[in-house]
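In structure tokens, one chain follows: the form predicted on its own.
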């Protein structure tokens, strides 16, 4: 079968395919809560992509770094919060490709733990050799990027701007490929109806999955857990728009608005702030399956996944796949919560 993504520039970074394993112990625990047996539960281990601790951004960065190299760029510039998983993986990807990396980290999460400002992803960013620029939460992001891009160009460099989370149409191609991978794995196991559930933030992962389903024409449905923004409707609109741009890049049909399913009930006070449900979900998966989640994305995503299963929201499928998008290094930044 011809690879529909072969025509796009790609720099190999990820260990693929990532494992798809069954969560039998979690299923048994949830069955006790429900007094009935839930669907078969699986976890797609994109925390095992292999780049500096792994995570979903590695798949996106294969296409983004490929595009940067094709355009002759020598410096990658991107942004995130202080504990950004995306920033850590971008720094590693740039190092692997022989490129400089400037990380613009906005101090946007009002979390006071000492380790948050010293450990976790931030420590790894330093080890990976990134040029780290910390900006206040209310900084004018556009002005910051214009200044940094001009600075690089004045020094004779050629910068390439990677959006937050790697979430543009090029980056989303990584999760088009991931959707095809997961759909094939589910198909080989002989399941009928199936669904992928994941933590959704900057939107590129969900947009890529949705566009991947449009490209394939059939396969698991997709359900996001909003861990990023209070305005769930606006976030849904943005993901649909990005999915449409990704589909256009692929040359396939554009998804309808209702193709983007996003649960906004599990964010808590705001992005990056812990919730009791997140803490319980992280502990549950660690102690039942030996799998480590993270406090910002997959912990809240798993809290939503568990709540949905217990509420019977996925009774219409045979197989339910939780997409583990990584982030474990963030646990060290939230040590007081655990």
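Residue numbers count along the first chain shown, from 1. This one's a predicted model, so the numbers in the text were calculated from it and none came from an experiment.
Keep in mind that the form predicted together with a small molecule is not shown, yet the notes after this line are about it.
The three marked residues, 59, 181 and 246, fail to reach the small molecule in the predicted bound form, with no heavy atom of any inside 4.5 Å.
A heavy atom within 4.5 Å of the small molecule in the predicted bound form is found for exactly one of 174, 220, 203, 120: 203.
With the partner left out here, the small molecule still marks one of 311 to 319, 8 to 16, 21 to 29, 325 to 333 in the predicted bound form; by a 4.5 Å heavy atom cut-off that stretch is 325 to 333. In the predicted bound form, no heavy atom of residue 42 sits within 4.5 Å of the small molecule. Interface membership of residue 210, defined by any non-hydrogen atom within 4.5 Å of the small molecule in the predicted bound form, is ruled out. In the predicted bound form, the small molecule lies farther than 4.5 Å from every heavy atom of residue 63. In the predicted bound form, residue 167 approaches the small molecule with a heavy atom inside 4.5 Å.
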